[in-house]
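What follows is a single chain, given as structure tokens, in the form predicted on its own.
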């Protein structure tokens, strides 16, 4: 099936994310408005207007009632997802890079970049059920060693956080104290994206060292490595099969002098266990910055440096062919 080509952004994409039910898709980009789409047919439902800088990250509540976004305009914003109304704003002194709701959604983790004399930091906020009770004061916050925090996840029943960093490092933190519990170098270059497996036992990381890696959450052991020969900007794990998809390509600064095929601007499928590539999906004419599997595993979405979101529904051959 031909993909749906979604045009709602004039700037490069930074993240695409499905809601839990898989009927809605949110896309974030370096322009000022995240967009909401139908995950079935790509119909544009609305936008969220209010940010004054690139939107780097987003998260969606379990019931698809609220959207949380983090931006270079130094704010974390909470939106009413169905209507696009801004409900609350948390203002930092630094750009916000990553946000993630805890299991049960009682807390919100947000990370901020180094800015002027401020080091990178992690902030934990109480996430109120009633927006009238929401506060912009962090319950706890702590600084982190030099290096941008690119993604954050809650683990161990919300007792710990794991973060990925632009130095190729994973770190584990104690939520109550902010203490650094574990640090592991898992890549030779910056980690651009980290996504959790459906069972939350392992993560996949995407790096500028031209690999994606499957990593055990409990030990930070590198279990599998997927080599592409191009920068890997994003990677995701299928909830249906032992497959992973990743996107990237040649550096964006060289796009105008590179043919699409030579630039490696394809979504690439690898077998999760055997580490062998078995398929590519072309279409973008610039690097792919973000990828996400539908919760059913029957479709996937890519967002590119070209400003387009491409929504792909799998052909029947994908479900009947034995690739290995």
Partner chain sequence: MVQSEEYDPYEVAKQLYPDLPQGFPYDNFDLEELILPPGDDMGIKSDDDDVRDEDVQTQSGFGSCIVIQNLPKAPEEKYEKLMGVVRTIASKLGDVRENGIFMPLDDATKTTKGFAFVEMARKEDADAALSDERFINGYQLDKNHKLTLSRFDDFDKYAKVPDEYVQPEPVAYKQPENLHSWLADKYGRDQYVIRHGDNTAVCFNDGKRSRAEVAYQREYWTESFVQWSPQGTMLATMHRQGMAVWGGPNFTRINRFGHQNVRLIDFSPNEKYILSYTSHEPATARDSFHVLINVWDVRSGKQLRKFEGPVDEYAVGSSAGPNGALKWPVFKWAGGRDDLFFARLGRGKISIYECPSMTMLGKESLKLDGVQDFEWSPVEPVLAAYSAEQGNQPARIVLIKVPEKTEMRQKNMLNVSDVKLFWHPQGTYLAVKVEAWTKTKKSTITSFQIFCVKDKDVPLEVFELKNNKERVLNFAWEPKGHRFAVVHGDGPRPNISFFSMRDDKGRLGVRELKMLESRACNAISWSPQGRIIVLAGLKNFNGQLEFFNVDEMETMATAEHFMATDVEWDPTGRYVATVVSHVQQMENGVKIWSFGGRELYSSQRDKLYQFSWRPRMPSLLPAEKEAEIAKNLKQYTKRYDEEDEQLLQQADADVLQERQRALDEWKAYCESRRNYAALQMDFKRELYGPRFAEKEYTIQKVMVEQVVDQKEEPYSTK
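Nothing here was measured: the structure is a model prediction, and the numbers come from that model. Residue numbers count along the first chain shown, from 1.
Keep in mind that the form predicted in complex with the partner chain is not shown, yet the notes after this line are about it.
Contact with the partner chain in the predicted complex, defined as a heavy atom within 4.5 Å, holds for exactly one of 140, 131, 181, 223, namely 223. Residue 272 is the only one of 30, 44, 272, 298 with a heavy atom lying within 4.5 Å of the partner chain in the predicted complex. Proximity to the partner chain in the predicted complex holds for none of 52, 115 and 147, with the criterion being a heavy atom within 4.5 Å. Of the candidate stretches 107-115, 198-206, 91-99, 69-77, only 198-206 has residues with heavy atoms within 4.5 Å of the partner chain in the predicted complex. Taking non-hydrogen atoms only, residue 161 never approaches the partner chain to within 4.5 angstroms in the predicted complex. By the criterion of a heavy atom within 4.5 Å, residue 319 is excluded from the residues contacting the partner chain in the predicted complex.
Among residues of the shown chain, residue 192 is not one whose heavy atoms approach the partner chain to within 4.5 Å in the predicted complex. Not displayed here, the partner chain is approached by residue 156 to within 4.5 Å at the level of heavy atoms in the predicted complex. Along 15-37, residues 20, 21, 22, 23 each place a heavy atom within 4.5 Å of the partner chain in the predicted complex.
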